[in-house]
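As a starting point, one isolated chain is supplied in structure tokens, in the form predicted alone.
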């Protein structure tokens, strides 16, 4: 039987409506969205008094194993002063985890996402090998551990299988990267195709994409080979680009081209492509990004934490470049914090308020919420991010009496959600019509946290 969810307020078509219902079929698809009085089908009524219902948010860029790093890398003594030294403690963490621990840590990351209203994750997965660098009997074992974790939590996942070939141009091999490396492009594609076919037989909440790590980690011909394969299968293609100034210098030294000029030359700048970070941009690159209709994956909480820099979101938006959001290193798991920081950073840079307001013809809160929903769906090729008939019923509800948003008028509620609300206000979360969080609790929450605590206790002695 269908279920008719009837909250006090329902967010659709860019605003909150009273006396609206979201009707969901038994297969988790949205049947209708509209006034309760117009509903004509027989459905079980699920009233949600005192709650607002919104489309589930989308996290396009996650390295779930890095959730184990939280609290371990906030000291110069331990992790050094910059991104490049931080990587060393991240590598130690990657080397230390067993396959089962990778599952436990991923479950913790995905649980935290679910409790924050995130219903879809793009997992940029580059742990492939054993800690000694040898292959597992199943070369996709660790990817499947992450998929299993997402299934356990109930979150939708796009597994972005990452290619990682080298430390960088004219750099010696780094032993910390030994679990990442897959040196042969054809072997990488065979393993990727095997995983793609296996995922095709899994539930619809699991899909597949490809992720060459970066221009420093994947040389040009390897990149050309695997990106052509991704294009032939119409897959989402994600890549770290221009996160640090040193990457630009190395790319110019190797190819006499800046990163985006190189990617454009290779034909990567298409609507299927998402450039993660894209902070340190060179002249002419925004225009190339706009012509290709790519997406930029902004990760402000990680970019703040690592001292990466500030995304020029205003210039990108004005040029017509789409922006989506990711948590990246999981120093903080809050899609709305990423959204508000995108704007806050620009206020500090320009000494102005509401810098992004009115861009793309949208009020500021709606624009930022779109980055956390619609834009993420576009980047990951998932049919979510909005509440429309025929789409999966991925949504979350919030408690209208939560202190951060209490008293909000319907016309100002989205503003207060985007700029003031914390994940603590979220009460229910559904993926494909199934409630995975009910009254702010996940059914496996205690078990997941306890397993993660055990991993952290062991890692504490090693890192």
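Numbering follows the first chain given and starts at 1. In this text, all values refer to a predicted model and were calculated from it rather than measured experimentally.
Note that the form predicted in complex with a further copy of the same chain isn't included here; everything after this is about it.
Site test, 304, 364 and 420 vs a further copy of the same chain in the predicted bound form, non-hydrogen atom cutoff 4.5 Å:
Answer is yes for this spot.
Let me know the one among 341, 247, 104, 285 whose heavy atoms come within 4.5 Å of a further copy of the same chain in the predicted bound form, would you?
Flagged contact: 341.
Using a 4.5 Å cut on heavy atoms, which of 150, 73, 218, 226 is close to a further copy of the same chain in the predicted bound form?
Contact residue from the list: 73.
Is residue 112 part of the interface with a further copy of the same chain in the predicted bound form - any heavy atom within 4.5 Å?
Answer yes; at least one heavy atom of residue 112 falls within 4.5 Å of a further copy of the same chain in the predicted bound form.
Contact label in the predicted bound form: residue 35 to a further copy of the same chain, heavy atom within 4.5 Å
So residue 35 does not count as contacting a further copy of the same chain.
With the partner left out here, check for me: in the predicted bound form, does some heavy atom of residue 6 sit within 4.5 Å of a further copy of the same chain?
Because no heavy atom of residue 6 falls inside 4.5 Å of a further copy of the same chain in the predicted bound form, the answer is no.
Taking a further copy of the same chain as it sits in the predicted bound form, is residue 164 in contact with it (heavy atom to heavy atom, 4.5 Å or less)?
Flag for residue 164 set to no.
Given that the partner is absent here, state which listed stretch (346-354, 386-394, 256-264, 119-127) has heavy atoms within 4.5 Å of a further copy of the same chain in the predicted bound form.
Among the candidates, contact is made by 346-354.
a further copy of the same chain in the predicted bound form - contacting residues of 133-164, heavy atom within 4.5 Å
Stretch hits: zero.
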